[in-house]
Structures are given as structure tokens and as C-alpha cells.
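Just one chain follows, in the form predicted alone, and it is written as C-alpha cells.
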């Protein structure tokens, strides 16, 4: 096939995908950037061009930085724990037993539940008057540990992070299980014959060979941590005192409750840039497999 024919062939098959990507990704991004340059309430045709004032206002907004900090707590603590617990559970469930399969199905149960249901259930569980947590503490004689878990600044964000971990750990356990099953068993058997301990097998065989899974899991965790919204909004609406606000819940507050669409869109653009920057940074970090580096 000649070069010109090959080029036409490639363009013919890529054109539909590029068209869809342009319509559903590139155009909305450009439109969002355009709207962020206006003072617009979103419900009328009247809007005034203010150039970069929305971005300047966002960068001097204390609640915005507080929301970003909350996102980082969810990402760093919740993301680390959900991956660590998921990997530990995946390791423990490698032996296929009836009990193991049952536990795996239970862990995946939150994944098939609507976030609305999850939020409502945990609101009841953490209810200060009738919730299971405070009732359990009372039965154990630990009333001094009771709190209004979602109503106090010191406990609201940790409670949301706990629910975030509960929701996601099953997915990561399944993801790491798939990676562990693809590791050649002969490698572990050979290392056992050489006298390698369990920790040595993990650090020198399992962990390096899980590199592709770790890459996917890390990117997924970062995107989820930055873009978490529904769980926070449904459980606390960002309160108390913006103590659980995230970038997207704060965006929603300005866009759909205060009707400041220009300002909310500026927050959306900054969130997109942050997500893109962090994701690309992770891709650069994971650009080379540790197995290739060891050669």
C-alpha cells in the first residue's frame, strides 16, 4: 500500500473518533474556558466580559484553597489506604475457597450500590442519636467517644474519607487480584526454593510485576480523589463550615445555588488543569517499568 493510500485509509477510520472527541470533549472544554471569562448568572442572556477576574478571585478565595486541601486529604489518605487495603485483601484471597469468594462478593457490594443509597445508609449509621456507631459505643461503655460524626468539623472529613474507602476497596481488591493471578507461579516457587521469605517475594517479585496494575490504580485514585463530589454533597453538602467541601462541591455551590456560572466555570477549568497535570506527572513517573530498569 502506497503512503498516500495508507494516509487516506488512516484518516478515514480515525475521522469519526476525532469528530466525536471534538464534539464531546474539545468543544465543551473551549466553551467552559470562554464562559469563565464572563460574569454570568447562567439564567439570562445578560453577561459581562471581565477577562481573568474570575480566576483572580478564585486564587484569593480561602474556601477554594480549603476545598483543595480537603481533596488532597481524600486523595493522600483515602487513596493510599484504599489501595493498600485492596492489595492486602487481594493477597489474602489468592487461595480460591468458598469463603474467599464470598468475602470478595461482599467487598464488591458497594460498587453495585448507588451513591445515593450509600450516602443515605451511612448518614443513618453515623447519626448521633440513632446511628449504629454511637449505639455500639454506648453498649461498650465508651460514651465519651460518641460524636455527631457528620456535624463536627473535626470528625466530618475523616467520616467521609472512611466511607470513601469502604466504597472503593472492593474495586481495588479485584483489580489487584487480576494482577496477582497474571504473575507466573513458577517465579514464586523458584524463589521459595532459593529460601526467599514472604516479604522478599513481595518486594522483589510481586511488587515489581504489579507495575501495570499500580499505574492504572494510581491514575484512577488520583482522578477519583480530585473529582469526588456525589459522596460529599449527599452526606454533608460540604459542611460543617466548609469542612468537607471539595473542588466540585464548591463548584456546584457557586454554579447551581449562587448562580455564579462564570465563577463556577473558572473553578472547573482550574480543576481540569490540576487533574491533567497530576495525571501526566503520574504517567511520567510510571513511564518505565522497574523490570526494564533492572536490566
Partner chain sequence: MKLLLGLAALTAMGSCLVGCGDKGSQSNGESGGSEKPLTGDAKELKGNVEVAAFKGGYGIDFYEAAAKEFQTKHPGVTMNVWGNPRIWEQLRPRFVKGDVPDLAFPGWLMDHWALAEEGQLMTLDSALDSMAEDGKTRWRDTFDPRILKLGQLNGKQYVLPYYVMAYGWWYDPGVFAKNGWLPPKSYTELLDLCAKISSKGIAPITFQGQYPYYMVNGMLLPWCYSAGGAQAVKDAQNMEVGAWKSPGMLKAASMIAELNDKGFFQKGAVAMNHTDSQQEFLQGRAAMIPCGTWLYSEMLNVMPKGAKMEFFLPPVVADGAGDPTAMMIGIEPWMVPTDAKNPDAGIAFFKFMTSVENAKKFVEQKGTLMSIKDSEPANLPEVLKKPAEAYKASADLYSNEFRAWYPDFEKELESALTALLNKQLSAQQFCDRVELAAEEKVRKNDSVKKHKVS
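Numbering follows the first chain given and starts at 1. Given the structure is predicted, the values throughout are model-derived calculations rather than measurements.
What follows is about the form predicted in complex with the partner chain, which we do not show.
- Annotated contact segment (heavy atom within 4.5 Å of the partner chain in the model of the complex): 143 to 151, selected among 143 to 151, 206 to 214, 182 to 190, 82 to 90.
- Contact check for residue 35: a non-hydrogen atom falls within 4.5 Å of the partner chain in the model of the complex.
- The closest non-hydrogen atom of residue 275 lies within 4.5 Å of the partner chain in the model of the complex.
- Residue contact check for residue 25: one or more of its heavy atoms lie within 4.5 Å of the partner chain in the model of the complex.
- Contact between residue 218 and the partner chain in the model of the complex is not found at the 4.5 Å heavy atom cutoff.
- Interface residues of 250 to 268, taken as those with a heavy atom within 4.5 Å of the partner chain in the model of the complex (partner not displayed): 251, 252, 253, 254, 255, 256, 257, 258, 259, 260, 261, 264, 265, 268, in sequence order.
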